[in-house]
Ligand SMILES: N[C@@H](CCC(=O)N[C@@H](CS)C(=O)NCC(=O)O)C(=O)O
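Okay, so here's just one chain, in structure tokens, the form predicted alone.
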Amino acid sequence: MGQLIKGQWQAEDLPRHQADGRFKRPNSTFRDWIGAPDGRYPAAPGRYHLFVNAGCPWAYRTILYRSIKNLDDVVSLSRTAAAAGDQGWHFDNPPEPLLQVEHLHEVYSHADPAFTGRVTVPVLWDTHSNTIVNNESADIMRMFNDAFNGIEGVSQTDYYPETLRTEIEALNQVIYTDVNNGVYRCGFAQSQSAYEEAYDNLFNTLDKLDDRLAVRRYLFGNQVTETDWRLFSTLIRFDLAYYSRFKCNRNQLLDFEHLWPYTRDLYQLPGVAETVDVSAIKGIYYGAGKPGILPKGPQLDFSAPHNRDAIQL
């Protein structure tokens, strides 16, 4: 999809594969923190802005948290077009109103005129110092979880409770490796062995999660945690894109006895349904090629009864 080299856009992408064909996701570049002790980025309403793509599962996690934590009036937001173009992510109806730019790479070079690297979403922007605070979705989720809790109207729900943090971190790592990134390791594999390894790890982990959810409403019992939201971001896209586009085709999500109603349960919680943009999900995975024809199906009813209310740990 291209990259910036010393602030200039180049069509050639950075390598993202190992010698054996395994896909390797690069690390995020900007890792500052709202509310850190150095005081550079205080938790102030109206100061921060999110640049996102609604189809991207990583950016989606921040869109979701912005909604469920009632941060819509605290953190503003701009969306890119669903599919990337010749210069990577670009904005619908440019210029983008905050920075008056057409492409996301201009946001990066605005923050650092000499930036070299991939241009990814999400981007958390500080409007006071005019720079990028963070472009790692996991960090932004954590910041949104509690950084703004002192502001009136912000939800006080804690999705990273201290008593569960060790367990959350352990299961997060499994889900990230085998599911969140696992679908990409299937779809972007450059060898048969790399694909089959990722495929087997993906479905072995989904089977284990399905078994876990047979006796728990959510992954850690009756309390929704960030681990549920991390998994949900992939599951909501599974049948729409990963099953066919990334060759993750042993089962559809619809075929899992517990994961499918669990996904519907999370979708129906307050503030969630309005964050799921099916057209954007299809657009990011199918819309970049010419002529960018999006699949009409599958038809999924995320609003169907889930009947998980009675499940107790």
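Everything numeric here is computed off the predicted structure, so don't read it as measured data. Heads up: residue numbers just count along the shown sequence, starting at 1.
There is another form of the same protein, the form predicted in complex with this ligand; it is not shown, and what comes next is about it.
A.B. asks: Please run the contact check for residue 137 against this ligand in the predicted bound form: heavy atoms, 4.5 angstroms, yes or no?
C.D. replies: Residue-level check for residue 137: yes, a contact with this ligand.
A.B. asks: Could you tell me if residue 56 has a non-hydrogen atom within 4.5 Å of this ligand in the predicted bound form?
C.D. replies: Within the cut-off, so yes.
A.B. asks: Does this ligand come within 4.5 Å of any heavy atom of residue 74 in the predicted bound form?
C.D. replies: Output for residue 74 is no: heavy atoms all beyond 4.5 Å of this ligand.
A.B. asks: Considering only heavy atoms, tell me if residue 118 and this ligand come within 4.5 Å of each other in the predicted bound form.
C.D. replies: Flag for residue 118 set to yes.
A.B. asks: Using a 4.5 Å cut on heavy atoms, which of 70, 28, 275, 244 is close to this ligand in the predicted bound form?
C.D. replies: Selected option: 28.
A.B. asks: So which of 209-217, 163-171, 147-155, 118-126 is the stretch with heavy atoms within 4.5 Å of this ligand in the predicted bound form?
C.D. replies: The contacting stretch is 118-126.
A.B. asks: Relative to this ligand in the predicted bound form, which residues of 74-101 have a heavy atom no more than 4.5 Å away?
C.D. replies: The stretch 74-101, when checked against this ligand in the predicted bound form, contributes only 89 at the 4.5 Å heavy-atom cut-off.
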